[in-house]
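In the block that follows, a single chain appears as structure tokens, in the form predicted on its own.
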């Protein structure tokens, strides 16, 4: 029973990492940019989700509006920050992204205050029993929401004309442009999608912990960057598997070696060991 509970807890955490990291890996696959400011959009989504839920009394409305606003913010970041420097060496975009994330952290501190926000009435806190394991409703909703979003993303990528254009642009932007695919529109779509997913993850993490603070994006962002390397840069399926494996490793490690290292240290120790053995990641596609 303990193993089952740890696996479930790992899947809850891992699925949240997955929807953050998938956005990152989509952007890296398209532009070869490590989008550190993704963490700022994760935090923005969390703040908007809490504020809008408190104002409207509807968690669903809070999530939808936070995803929409963060998606638009993601497009703005691409247009104003990345597009002007795409012809420069990759480190220029990376430095710009780091600077943007630091600026966003300070902006959140100024606008929302340094001590964090909470839900006035935390939604979905009822406890239910699933296969003998006690879970809060918000934990179940987190996993179900993440699975639905990842499934919808996979369907769009594989079964629609939008997804075909998107994959063609990732493989060869010049040839895809010859077939009438607008690469700029694809980039807008990818930034909107990745940013909206990060926002949903932010609201769900806020729901699980009932706390949003300016620096909450830092650790998930660092882990997500490591996850996309572990999964093979630009490999979406590898990123999903790596996210779930990391979540389960954290859950088991917290119980068995928690006296030696905290949860985040366990995760980074695992990532460092794996990347020392296989620097290109477990599922490198190229």
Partner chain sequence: MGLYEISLATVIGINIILAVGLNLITGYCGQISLGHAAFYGIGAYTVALLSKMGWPIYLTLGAGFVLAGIVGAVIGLASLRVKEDFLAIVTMGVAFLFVGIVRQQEFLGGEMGIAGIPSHGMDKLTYLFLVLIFAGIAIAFSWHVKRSWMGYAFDAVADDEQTARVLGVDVKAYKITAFAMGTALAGLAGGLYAYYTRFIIPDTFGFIQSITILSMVAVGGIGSIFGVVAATVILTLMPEFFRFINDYKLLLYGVLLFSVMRFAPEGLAGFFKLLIPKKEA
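A quick note: this is a predicted structure, and the numbers were derived from the prediction, not measured. Numbering follows the first chain given and starts at 1. Take the two forms, find the largest set of C-alpha atoms that superpose within 1.5 Å, and that set is the rigid core.
The same protein also has a form predicted together with the partner chain, omitted here; what follows describes it.
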Partner proximity in the model of the complex: residue 47 to the partner chain, non-hydrogen atom cutoff 4.5 Å: no
Report yes if any heavy atom of residue 175 sits within 4.5 Å of a heavy atom of the partner chain in the model of the complex; otherwise report no. no
Answer yes if any heavy atom of residue 222 is within 4.5 Å of a heavy atom of the partner chain in the model of the complex; otherwise answer no. yes
Indicate whether residue 211 is a 4.5 Å heavy atom neighbour of the partner chain in the model of the complex. no
The partner chain is absent from this chain, but in the model of the complex, do 85, 260 and 268 each have a non-hydrogen atom within 4.5 Å of it? yes
Interface stretch in the model of the complex with the partner chain - options 26-34, 39-47, 238-246, 54-62, non-hydrogen atom within 4.5 Å: 26-34
Let me know the one among 80, 184, 130, 148 whose heavy atoms come within 4.5 Å of the partner chain in the model of the complex, would you? 80
Note: exactly one of 121, 144, 152, 110 sits with a heavy atom within 4.5 Å of the partner chain in the model of the complex, namely 110
Does any residue in 84-112 get within 4.5 Å of the partner chain in the model of the complex, counting heavy atoms only, and if so which ones? 84, 85, 88, 90, 91, 92, 94, 95, 96, 98, 99, 100, 102, 103, 106, 107, 109, 110
Core-aligned CA displacement of residue 11 at least 2 Å between this form and the one not shown: no
After core superposition, I'd like to know whether residue 58 moves between this form and the one not shown (criterion: C-alpha shift of 2 angstroms or more). no
Do you see a C-alpha shift of 2 Å or more at residue 261 between this form and the one not shown, with the core held fixed? yes
